[in-house]
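For reference, the chain that follows is the form predicted alone, supplied as structure tokens.
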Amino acid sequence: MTRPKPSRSPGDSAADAPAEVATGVPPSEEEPSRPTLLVVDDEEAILEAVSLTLASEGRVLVARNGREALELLETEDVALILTDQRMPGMNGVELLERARQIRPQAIGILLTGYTDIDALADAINRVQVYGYVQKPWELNDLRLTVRRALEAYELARENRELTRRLEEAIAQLRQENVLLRREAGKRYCFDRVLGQAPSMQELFDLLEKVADTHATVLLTGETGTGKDLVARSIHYQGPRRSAPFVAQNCGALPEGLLESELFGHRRGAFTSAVEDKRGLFEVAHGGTIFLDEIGETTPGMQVRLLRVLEGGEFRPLGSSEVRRVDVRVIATTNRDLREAVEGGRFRRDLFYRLNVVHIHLPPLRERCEDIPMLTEHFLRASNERLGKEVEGITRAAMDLLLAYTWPGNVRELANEIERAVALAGSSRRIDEAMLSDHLRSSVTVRAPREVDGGEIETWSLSLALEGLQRRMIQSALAAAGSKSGAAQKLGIPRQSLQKMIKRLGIE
């Protein structure tokens, strides 16, 4: 409990000094969590009575006038100010108005013996007074009013703290988002799309040109050729890199669920729609939406996709509101969409909307010269991921990789190398025994050679491949008449051809 200093005569020079605050317990034993209350009144009896009444609610300070109260507010973290309205020099409303400049979060309550409703209303509007207590008051009513005011103060304090933490979290998330986008830009750059074959060099030239535009792109190619990686690279190397990239496999969901995923829905649009949901087109506003396997969509879905591609407009399920978005569309398919159009399975107008820039990713079997480079890349990645130290691959194992047709393309090669690294044990090199049974059984190369002018003998796979390479190079050289022409016919760089001629001993 806080008690005022003994009263002084009006003639005393220290009569107007702030009241000395005494507490019922030693300072070292005070509870730091107890709120501080400031009671202001020019009557000693009222200060004494209020202090006794509110001692259980917190730490109580007293002041005899507005000036003393303002001095205390400069040094004390006051949660609640209970002040008399009628005081000499500075009334209660004026005190609370000035107190807000020092302790803007403090709750204000007026003590008044008057029933001037207009004055009280003006006070509440001017200084946002929490409430008022009429004299004479009931002890329980006063204590209840103060208790509720302190609860409001504590709730406001907690809300401010939560808001501060939320703002810090949002700022941190924004910073992390920037960093993640930078990392994604590095991860999905065109350097990650590996290939030295002429078809891949043409692909790189086209990717660099289309990435700087907002054009719709249609990526075609067999499963596993890297369409997802190329799509992300186009986005993160283009003008929309700082906006979202969202992806959806159109063949993974039935039409109803796919429509909800892409365009969103309103609450109650169907049985399980318990709340509004934003669609991926809305989420991707300003960025890129990646529609994988778009050839699997139904005619009804194709109509809705055509509308959003033509005008950027769509309507969520269960809503009559038309929404507009600005998104770049990159679509992929492993089907022949032209054939699907002719067969009536895919809308012709949607095909032309998607086929603004057509990029075809060649299968791995058509660029076998890239297999050694890809194998080395996947070997390094698998070592890092599995904690291994496999240094390379034997010539016989590489011959098997070169002879295999790779129906799963680059993805299948990556999985094969990771499997081999996992099974390598303490071995420093991958040999043919570490490759999968399916791969080894699928490669059957038999090449004839004359033995003493007679019939044939089966070569080893390595020798068979060398013989095949030698005959193809000799044939190309004879037909073209030059190394440059032969390299063009074989679809390999001239430098690679020279190395092969030297290794195979071709004159």
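Residue positions are given as counts along the sequence shown, with the first one as 1. Since the structure is predicted, the reported quantities are computational estimates derived from the model, not experimental observations.
Missing here is the form predicted in complex with a small molecule; even so, the following discussion is about that form.
Only one of 220 to 228, 147 to 155, 303 to 311, 268 to 276 lies within 4.5 Å of the small molecule in the model of the complex by heavy atoms, and it is 220 to 228.
At a distance of at most 4.5 angstroms from the small molecule in the model of the complex, all three residues Val193, Asn334 and Phe378 contribute at least one non-hydrogen atom. Remark: Val410 counts among the residues lining the small molecule in the model of the complex, judged by a heavy atom distance of 4.5 Å or less. Though the partner is left out of this view, Met200 does reach within 4.5 Å of the small molecule in the model of the complex, counting heavy atoms only. Heavy atoms of Leu374 reach within 4.5 Å of the small molecule in the model of the complex, making it an interface residue.
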